[in-house]
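The data below hold one chain only, encoded as structure tokens and taken in the form predicted alone.
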């Protein structure tokens, strides 16, 4: 490579935009139909544990009696099998990626069971 071509390449690199973004200062817009992260809506969940059965890496744990849903995002491979298995629509996928984590963590949600109707009340006539 001649000196002229090398100089031209160096000057072109100085005056052009960088090839990468300055993350986290410049976030990349989400790509349509990409798999970013899983959202859980505890108001819709019946804790049927179908998502736990369909999860290939066992990243989801559901305790039906305790009404606890837990997901380990570091084990999750974002395949979407849990979202497809959820009949109530409590799981969904978002195209936006989450913030990077500095330590391993598991997210869990606990929902109190709805109160059972008491058998003491007399039927209304």
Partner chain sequence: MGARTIIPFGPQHPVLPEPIHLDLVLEDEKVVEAIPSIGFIHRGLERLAEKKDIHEMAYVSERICGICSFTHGMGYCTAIEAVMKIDVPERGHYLRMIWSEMSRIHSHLLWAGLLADGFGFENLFMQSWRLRERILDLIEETTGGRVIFGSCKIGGSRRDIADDVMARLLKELASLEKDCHAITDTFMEDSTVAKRTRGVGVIAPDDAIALGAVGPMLRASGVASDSRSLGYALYPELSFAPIVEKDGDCWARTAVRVREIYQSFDLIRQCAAKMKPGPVDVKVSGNPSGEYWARLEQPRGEVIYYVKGNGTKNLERYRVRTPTFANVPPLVHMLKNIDLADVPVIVLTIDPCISCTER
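These numbers were taken from a predicted model, which means no experiment stands behind them. Heads up, when I say rigid core I mean the largest set of C-alphas that superpose within 1.5 Å between the two forms. Positions refer to the first chain, counted from 1.
This next part talks about the form predicted together with its partner chain, which is not shown.
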| item | value |
| --- | --- |
| Its partner chain contact in the predicted complex: residue 56, any heavy atom under 4.5 Å | yes |
| Contact flag, residue 35 vs its partner chain in the predicted complex, heavy atom cut 4.5 Å | yes |
| Exercise: residue 14 in contact with its partner chain in the predicted complex, heavy atom 4.5 Å | no |
| Partner contact for residue 10 in the predicted complex: its partner chain, 4.5 angstroms, heavy atom | no |
| Residues from 55-90 in contact with its partner chain (non-hydrogen atom within 4.5 Å) in the predicted complex | 55, 56, 57, 58, 77, 79, 80, 81, 84 |
| Did residue 64 shift 2 Å or more between the shown form and the other one, C-alpha, core superposed | no |
| Cα-Cα shift for residue 32 and residue 44, closer or farther in the predicted complex, minimum 3 Å | closer |
